[in-house]
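As a starting point, one isolated chain is supplied in structure tokens, in the form predicted alone.
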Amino acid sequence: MDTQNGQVPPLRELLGAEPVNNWGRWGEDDELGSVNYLGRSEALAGVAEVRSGESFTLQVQMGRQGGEGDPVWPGRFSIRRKNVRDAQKWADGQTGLDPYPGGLQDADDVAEIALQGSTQYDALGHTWYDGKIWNGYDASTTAGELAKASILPIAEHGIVGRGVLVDMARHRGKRFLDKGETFTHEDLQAAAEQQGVELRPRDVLVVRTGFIGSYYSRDAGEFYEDFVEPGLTYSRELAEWFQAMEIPNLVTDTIANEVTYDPRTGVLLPLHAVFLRNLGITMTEIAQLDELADACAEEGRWSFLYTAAPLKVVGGTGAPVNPIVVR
């Protein structure tokens, strides 16, 4: 770790006094950020990639049976779901309801969930530094709920466009990348070139590391031990590339879309500051990409129609989502 005097530098020092940013690009009141890039022509570009009509859903299971819970960021919890009505409760008179006219009975349940405790979209106001969130809004707007740059504007807009899967694990000949294993935008371009797919401006960029998939085949304690996920690392050149490519959405099969700690400086999740706060790029985390990657590899076809609609949670810092890919 190359830190000055053994200290982790503040983000303002790492990113510079004039960081790469898109503030004001869509007006001083904007809360969508780079999702503004996704319009009708981008939706049609995605539709044009459909060949077989084969579809894939990218959400991990919530509250799955067996195993040791769902993969979540350390400190968050998996969904807590329970029935409030079912056949046994009707039989025992525990529903608190009179019989329905005609004899209909039902099962019903409730759940407590962390809004970022499954496959999910981050709101642009989810992270910040120096007291400012996306587009220069004051961080005080997050008190109680996100009054600005919440998940709601993104959810109202929806995500539809041309998606491209870059399989970094396959590119490196691995089932999944190692903890703390890093790659850059140049590595992404090299992998895409090897796959024979063109990365175009305004593509939804989907990156597979195999890490979330590995959760289901390894001990959960080992998965979380010395927790450092694989992923992209910060450089100004990377930020400039994402800005120039007008990437609206980064989707990965990791919990935080980037290597957990910058290996050079020790800063935690600097790309959350770069993408959410400065560039307005929405981030999709905990996607399950293995089945999609297998299909893409089998046919050598890595582009598709990508669609997603996170839940419309007013004031939310993020929301669960089940993206649908159509090939």
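The model shown is predicted, which means the values in this text are computed figures rather than measured ones. The numbering used is simple: start at 1 and walk along the sequence shown.
Keep in mind that the form predicted together with a small molecule is missing from the display, and what follows is about it.
Contact with the small molecule in the predicted complex, defined as a heavy atom within 4.5 Å, is made by none of 14, 264 and 274. Put simply, of 249, 116, 135, 150 only one has a heavy atom within 4.5 Å of the small molecule in the predicted complex, and it is 116. A single residue from the set 73, 90, 216, 224 has any heavy atom within 4.5 angstroms of the small molecule in the predicted complex; that residue is 73. Heavy atoms of residue 209 never reach within 4.5 Å of the small molecule in the predicted complex, leaving it off the interface. Remark: residue 285 counts among the residues lining the small molecule in the predicted complex, judged by a heavy atom distance of 4.5 Å or less. A residue is said to contact a partner when one of its heavy atoms sits within 4.5 Å of a partner heavy atom; residue 255 meets this definition for the small molecule in the predicted complex.
Looking at residue 293, you'd find every heavy atom of it more than 4.5 angstroms from the small molecule in the predicted complex. Between 295-303, 58-66, 264-272, 27-35, the stretch whose residues reach within 4.5 angstroms of the small molecule in the predicted complex through a non-hydrogen atom is 264-272.
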